[in-house]
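Only one chain comes next, encoded as C-alpha cells, the form predicted alone.
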C-alpha cells in the first residue's frame, strides 16, 4: 500500500464486518439508562451527548457519550481478573477485591473520542459524523497503573504497556489493543478506574475496569480492561497501525497521505465551545450570558476569550474555579447585544503552554482532532 487512502479502505472494510445496526443519520433516541441521546449506531452503541449535558462541570452518567468499537462482552464482576504479563518479574492476576484493597485515587479527566467534531470538516471525511458531543468530563476513581506495575516488577528494557479488554472482534474484525508508553503509564494520574462520578463504572462505559489515560484521546482508554502486557516495543496491531494515526505535517484538504507520513495519536489539542445559547437561539432582548466549556489535552486552561462581532474584537471570559490538567474548565461572559438582528458568537481557549485554538482545525484524512474556534449564531429580536 502506498497511501493512507488505501489503508483507510481496509479499515472501513474491517469495520463493515462488525454486526452494526447503522441508522440513517444520527437520531435523538432514548437508550436504556440514558436520557435522549444522538444515536449514530445502536449496536454496538455509538451515542452522542446532547448539548445540555455540558451545563455542569461533571457530565452526568445518563448523558455521557458512548463509543463502542466492538460488541459489549458479558461481564461477571465476581470472577473478573486483571492479568499483568510480559516483561515483568512477577506476573499478576488481580481480582476486583484485590484492586479495591489497594490505595485508590480520584482523577478528574475529559474522555474524548479522537474524531469528536469530525462532522465539521470540509471536505467531509468518512467515519462517524460526530458534532460536539463525543466527549464528557468525569471524576474517575481507581488504582494507579504505576502501583500495579510496581507490584509486577517491570523488567529493564520495557518501553510500552499493551492494554486489552474483554471485548473481542467478530468475523474479520481484529481485537482492540492499544499501546501506551511506559512513561505515560507511570504518571500518577494514569489509573485503572473502578468508579465513575462516584458510582461503579457502568458496563456500557467499560465497567468493571476501565483504563483512564488523562489528556490522551479516547482510543487509549480501554474498556472492560482484563489484560496488561509490558513490552519492549509498541504493539503494531490494527488499532495502532493503520488506525488512529495523524499526518506528521499539515496537508492540503482532500489529500491522501502515505502511511510513513503518519504518526500515532496521543494527546488532544486545546479546545472550547459555547454551550449556551445554542446555535439558532432567538433572544428577545437585553443582556445574555454566554456559557461554555474549555479543555486542553494534558494541560490546564488559562484563558477563554469570546467575540460577539465575528472575531473583530475579543473579550476575556470569566473562568470557573475548577482548574485541573486534562479536565473541563467552565467559562461565562455577559453580553449586551448592540442591537437586533443576527449575531455570531465565537469562543477560543488558550492552554498553559500558550497554545490557542486555531481559526480552522488542520484537515486530515480521518477527521481527527477538530478544534476550530467555536461559532454560534444568535438572532436578537428586541
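Numbering follows the first chain given and starts at 1. The structure displayed is predicted, hence computed values, not measured ones.
Just so it is clear, the following notes concern the form predicted in complex with a small molecule, a form of the same protein that is not shown.
- Per the 4.5 Å heavy atom criterion, the small molecule in the predicted complex is contacted by stretch 111-119, the sole one of 307-315, 280-288, 111-119, 98-106.
- In the predicted complex, the small molecule sits within 4.5 Å of a heavy atom belonging to residue 176.
- In the predicted complex, the small molecule lies within 4.5 Å of some heavy atom of residue 221.
- Taking non-hydrogen atoms only, residue 162 never approaches the small molecule to within 4.5 angstroms in the predicted complex.
- Residue 167 belongs to the set of residues with a heavy atom inside 4.5 Å of the small molecule in the predicted complex.
- 64 is the sole member of 328, 64, 331, 54 with a non-hydrogen atom within 4.5 Å of the small molecule in the predicted complex.
- A single residue from the set 59, 350, 68, 41 has any heavy atom within 4.5 angstroms of the small molecule in the predicted complex; that residue is 68.
- Annotated contacts: 141, 295 and 299 are all free of the small molecule in the predicted complex [non-hydrogen atom within 4.5 angstroms].
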